[in-house]
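A single chain comes next, written as structure tokens; it is the form predicted alone.
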């Protein structure tokens, strides 16, 4: 069982799509929520909805889509008020699935491993395929 909750915060429907795809791969995933930035949201209204998705003091991983974007910036503000929250930006499906199936504590080592996985999951597949062609 995972020792931390996960909230995916992203632009538009992307957060819901990430959560849906992770559940397609991993089945029912507990303590996983999506909060999408809507076109009519202000940073404050998005922050209120994001904070509402983080209601207690259990360890929390907030995964955001784009470094410097509104979900990222607001997640950093929300996390400042939550001593057990960690924010990783630049989420991809590999990171979300790994986090969702993680049984380790949410510590510096786990965060480092997730970030490294996110980087390694980004591959120039066309070059790989071309180098393997006869």
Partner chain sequence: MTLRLVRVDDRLIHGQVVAIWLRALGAKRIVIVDDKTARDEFLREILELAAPPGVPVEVHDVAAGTERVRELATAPEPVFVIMRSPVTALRMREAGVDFPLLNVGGIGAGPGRKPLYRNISASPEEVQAMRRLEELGTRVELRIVENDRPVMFASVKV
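In this text, all values refer to a predicted model and were calculated from it rather than measured experimentally. Residue numbers count along the first chain shown, from 1.
This protein has a second form, the form predicted together with its partner chain, left out of what is shown; the following refers to that one.
Student: Here the chain is shown alone; which of 92, 101, 84, 73 has a heavy atom within 4.5 Å of its partner chain in the model of the complex?
Tutor: Of the listed residues, the single hit is 73.
Student: To verify the annotation, which of these, 77, 29, 105, 53, has a non-hydrogen atom within 4.5 Å of its partner chain in the model of the complex?
Tutor: By the 4.5 Å heavy-atom cutoff, the listed residue in contact is 77.
Student: Classify residue 57 as contacting or not contacting its partner chain in the model of the complex by the rule of any non-hydrogen atom within 4.5 angstroms, answering yes or no.
Tutor: Because no heavy atom of residue 57 falls inside 4.5 Å of its partner chain in the model of the complex, the answer is no.
Student: Looking in the model of the complex, any heavy atom of residue 109 within 4.5 Å of its partner chain?
Tutor: Residue-level check for residue 109: no, no contact with its partner chain.
Student: Taking its partner chain in the model of the complex, which residues along 36-55 bring a heavy atom to within 4.5 Å of it?
Tutor: Read in sequence order, the residues that approach its partner chain (within 4.5 Å, in the model of the complex) are 39, 40, 41, 42, 43, 44.
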